[in-house]
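Single chain ahead, by itself, as structure tokens, in the form predicted on its own.
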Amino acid sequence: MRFTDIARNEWCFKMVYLDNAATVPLLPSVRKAMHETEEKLFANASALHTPGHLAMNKIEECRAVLAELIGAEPNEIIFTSGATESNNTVIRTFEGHQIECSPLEHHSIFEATRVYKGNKLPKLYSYMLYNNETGEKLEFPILDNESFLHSDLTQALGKVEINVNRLGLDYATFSAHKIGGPIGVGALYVRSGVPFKPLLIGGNQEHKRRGGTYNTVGIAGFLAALEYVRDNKTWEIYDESIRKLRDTLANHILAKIPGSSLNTDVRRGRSLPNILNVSFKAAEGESIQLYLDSEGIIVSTGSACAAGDIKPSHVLMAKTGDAEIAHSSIRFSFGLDNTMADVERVMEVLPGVIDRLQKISTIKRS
């Protein structure tokens, strides 16, 4: 969202939104599709009458488009409420078996594996393709014939080309709001023939794989977002235009702000093109975020799901082992609406913010 007027406490400012890894603003086409669905496809999609069939047609259209984008079959797609439910569903399937995950996984994997853990040899490996905090690309483990592989592709969809078969995946997770769709709808890819246990048990929806009334409006929004990704080949835009913005900001920060260091490997092929995680020595991350927020520059200190947790990021701790680095980090995440003017605005404000915080810190910046 570029330079949008935002009202807060009866005052306005021009916003530079650089928290797209948390949520991408709704695309205009998504908003339009959801309004039209509310008006015309309001019936329960499980009903046998014509309005129900029309609603189900929209759902099946979304299933087909997502399958096309990731190289899957439509019957391998299950709609969920989002990535957390999708991740929990996969972990639940392997209840009683040992599950191995990378140390950089999302909380919805970590916390779920605490509940559904076993004492046998690993049966499921869960490794995200790209990390949500640093954008770092992870290497998948080599599996034996008795094991299965799941990947949280929430950040990857729309940013890079995806083919679940070439990746060798048995399960994969997606969320609509990371590509300009609505919050509250996502999907799970389940390869035909692999183990599966429903997390939500109810009616016959999703061929008894996920009970509950269909979120037709949300799925229609998901469809519009997927169509935008497909029709515009957004992964090519990210690889060229958005990468240039990210790399320009990285170079400016390193050149102009003492005590700065990158937690993202910005070399092509090593990370997503839109995420930049930076640490600023002797400057606390949440303070940086709040100072930038007061200037209308919206960033994060890591995963939005961990907001309010005073513990250092488990991702940066796993990567660096340094709590100071983890506590002084900021994530800038670009979207398709960002321009070089946003980078320039950040560099108008950020050096002064860091200098101010470093001067009052008891930690030396170099």
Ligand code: PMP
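Start at 1 and count along the sequence shown; that's the residue number. This structure is a prediction, so every number in the text was calculated from the model and none was measured.
The following text describes the form predicted together with this ligand, which does not appear among the structures shown.
Colleague: Quick one: Leu124, Asp170 and Arg191 and this ligand in the model of the complex, is every residue within 4.5 Å by at least one heavy atom?
Modeller: Contact check failed for every one of Leu124, Asp170 and Arg191.
Colleague: Only one of these stretches, 154 to 162, 141 to 149, 239 to 247, 220 to 228, has heavy atoms within 4.5 Å of this ligand in the model of the complex; which one is it?
Modeller: Of the options, only 154 to 162 has residues within 4.5 Å of the partner.
Colleague: With a cut-off of 4.5 Å between heavy atoms, is Asn132 one of the residues that contacts this ligand in the model of the complex?
Modeller: Answer yes; at least one heavy atom of Asn132 falls within 4.5 Å of this ligand in the model of the complex.
Colleague: Find out whether any non-hydrogen atom of Thr264 is located within 4.5 angstroms of this ligand in the model of the complex, and reply yes or no.
Modeller: Output for Thr264 is no: heavy atoms all beyond 4.5 Å of this ligand.
Colleague: Does any heavy atom of Met128 come within 4.5 Å of a heavy atom of this ligand in the model of the complex?
Modeller: Because a heavy atom of Met128 falls inside 4.5 Å of this ligand in the model of the complex, the answer is yes.
Colleague: Would Thr234 sit within 4.5 Å of this ligand in the model of the complex, counting heavy atoms only?
Modeller: Close contact is absent here: in the model of the complex, Thr234 is far from this ligand, nothing within 4.5 Å, heavy atoms only.
Colleague: Out of Ser279, Ser108, Thr93, Asn215, which one falls within 4.5 Å of this ligand in the model of the complex, going by heavy atoms?
Modeller: Residue within 4.5 Å of the partner: Ser108.
Colleague: Find the only residue in Thr84, Ser102, Thr113, Gln205 having a heavy atom within 4.5 Å of this ligand in the model of the complex.
Modeller: Going through each option in turn, the one that passes is Thr84.
Colleague: Using a 4.5 Å heavy atom cutoff, which residues in 170 to 204 contact this ligand in the model of the complex? It's fine if the answer is none.
Modeller: Contacts from 170 to 204: Ser175, His177, Lys178.
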